[in-house]
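A single chain comes next, written as structure tokens; it is the form predicted alone.
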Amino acid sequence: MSLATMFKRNSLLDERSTWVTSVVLIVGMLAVVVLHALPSDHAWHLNGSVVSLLGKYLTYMLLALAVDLIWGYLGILSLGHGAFFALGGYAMGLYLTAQDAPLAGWQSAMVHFPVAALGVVLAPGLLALVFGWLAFRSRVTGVYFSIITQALTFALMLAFNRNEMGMGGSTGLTRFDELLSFSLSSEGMTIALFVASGVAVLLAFWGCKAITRSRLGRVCMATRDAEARVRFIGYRVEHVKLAVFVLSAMIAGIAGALYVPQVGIINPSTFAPLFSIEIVVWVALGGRATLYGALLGALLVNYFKTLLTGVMPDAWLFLLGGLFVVVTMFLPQGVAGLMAHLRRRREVTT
């Protein structure tokens, strides 16, 4: 097979996977909306708690997309993306808290939704900009970058645990009642948040796919595979890394903002390094550098987490660690890679 034929074939497969993923997301959202609208005594009716749980899964899928964009296509393994997710969540949490009681100082501005929405993307974006500029300018790469991102999220967890931060201390922010003057406990708001999360995942998926197909995406993949050569031909690699890293942090912040009203709480445990490591496991299981694999991995891991933590809560972390080891050893390209391998075998046999 010639190089041109292989490139064309890969492009067609990528196009097909994009459309299939988009259709599955849209059909899935419509199915949930329809099933929720059924009478409460119907056998297939989905109640509000199930819809909220599915909405939480969608926010995790959005977060996984953010990690896959920088890890799968740029080769940057961040073990601190939970921090960006939490910052977006805290920005939304402050807005929701301000609807019930006035906040003091600079937090009083968060009573306005446009200000809060700006904070959702600016807080993680500015942190990623400063942190990334310092790290990439110093050419910190590989495991060293992973370690300092984990140190970053751990430091933020300690800081947000302090009552002096005005973020609720170890309890965090909770007891939210209204969003945009609508009750969060209403069925309409539950389904609206679910749909908003699904639309965000769909738009982020299309946006990330457009980036990976663009010239920027090709430079990212070249940097991942041979950074020294990319520098040699004249590209400012640190600028490319910084731009994509900031964008990824903003996507994570949006995921956190959609997570908080559906779960009803945000606290410093979201900054815990273990959560950031879990995100990496989602992407590794689903398959790096595919985007749809990240979505699939986040959904599968969190579904089984919900299922197994009720049956064997003490064993879940051991299962998660074992899963990561198995995937690393036997499925280096994740579920998406396994599906692609099976498809190629089927094509060869036919």
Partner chain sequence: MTPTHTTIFRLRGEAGSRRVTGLKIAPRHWYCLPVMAVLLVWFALASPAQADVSPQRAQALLQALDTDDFDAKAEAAQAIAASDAAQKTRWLEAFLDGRLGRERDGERFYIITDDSGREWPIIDAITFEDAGTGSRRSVDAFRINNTLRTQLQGLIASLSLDEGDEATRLDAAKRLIGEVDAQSVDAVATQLDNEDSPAIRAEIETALALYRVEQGEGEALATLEGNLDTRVRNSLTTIANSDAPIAADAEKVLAGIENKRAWYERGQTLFFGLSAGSVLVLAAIGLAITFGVMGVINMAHGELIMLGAYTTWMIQQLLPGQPGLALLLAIPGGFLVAGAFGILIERSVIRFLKGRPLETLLATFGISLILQQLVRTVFSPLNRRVNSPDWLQGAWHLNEALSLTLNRLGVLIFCLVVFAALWALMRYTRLGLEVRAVTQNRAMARSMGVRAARVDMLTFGLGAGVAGLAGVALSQITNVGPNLGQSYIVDSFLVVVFGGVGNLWGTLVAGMSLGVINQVLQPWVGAVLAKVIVLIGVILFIQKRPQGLFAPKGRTS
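Keep in mind that this is a model prediction, so the values were computed, not measured. Numbering follows the first chain given and starts at 1.
Beyond the structure shown, there is the form predicted in complex with the partner chain, which is absent from this document and is the topic of what follows.
Asker: Looking in the predicted bound form, is the partner chain within 4.5 Å of a heavy atom from each of L79, S146 and G322?
Answerer: Looking in the predicted bound form, the three residues L79, S146 and G322 all sit within 4.5 Å of the partner chain (heavy atoms).
Asker: T212, Q99, S269, Q150: which sits within 4.5 Å of the partner chain in the predicted bound form by any heavy atom?
Answerer: When the partner chain is considered in the predicted bound form, the option within 4.5 Å is Q150.
Asker: Going by heavy atom distances of 4.5 angstroms or less, which of A117, A155, L203, L216 would be at the interface with the partner chain in the predicted bound form?
Answerer: The option sitting close enough to the partner is A155.
Asker: Going by heavy atoms within 4.5 Å, which of 217 to 225, 155 to 163, 82 to 90, 184 to 192 lines up against the partner chain in the predicted bound form?
Answerer: Heavy-atom contact with the partner occurs in 155 to 163.
Asker: In the predicted bound form, does M250 have a heavy atom within 4.5 Å of the partner chain?
Answerer: Contact with the partner chain, no.
Asker: Taking heavy atoms only, is L134 within 4.5 angstroms of the partner chain in the predicted bound form?
Answerer: Close contact exists here: in the predicted bound form, L134 approaches the partner chain to within 4.5 Å, heavy atoms only.
Asker: W71 versus the partner chain, in the predicted bound form: is there a non-hydrogen atom within 4.5 Å?
Answerer: Within the cut-off, so yes.
Asker: Is V280 a contact residue for the partner chain in the predicted bound form, using a 4.5 Å heavy atom cut-off?
Answerer: Yes, V280 is a contact residue.
Asker: Enumerate the residues of 296 to 315 that have a non-hydrogen atom within 4.5 Å of the partner chain in the predicted bound form, in sequence order, or give none.
Answerer: The one in contact is D314.
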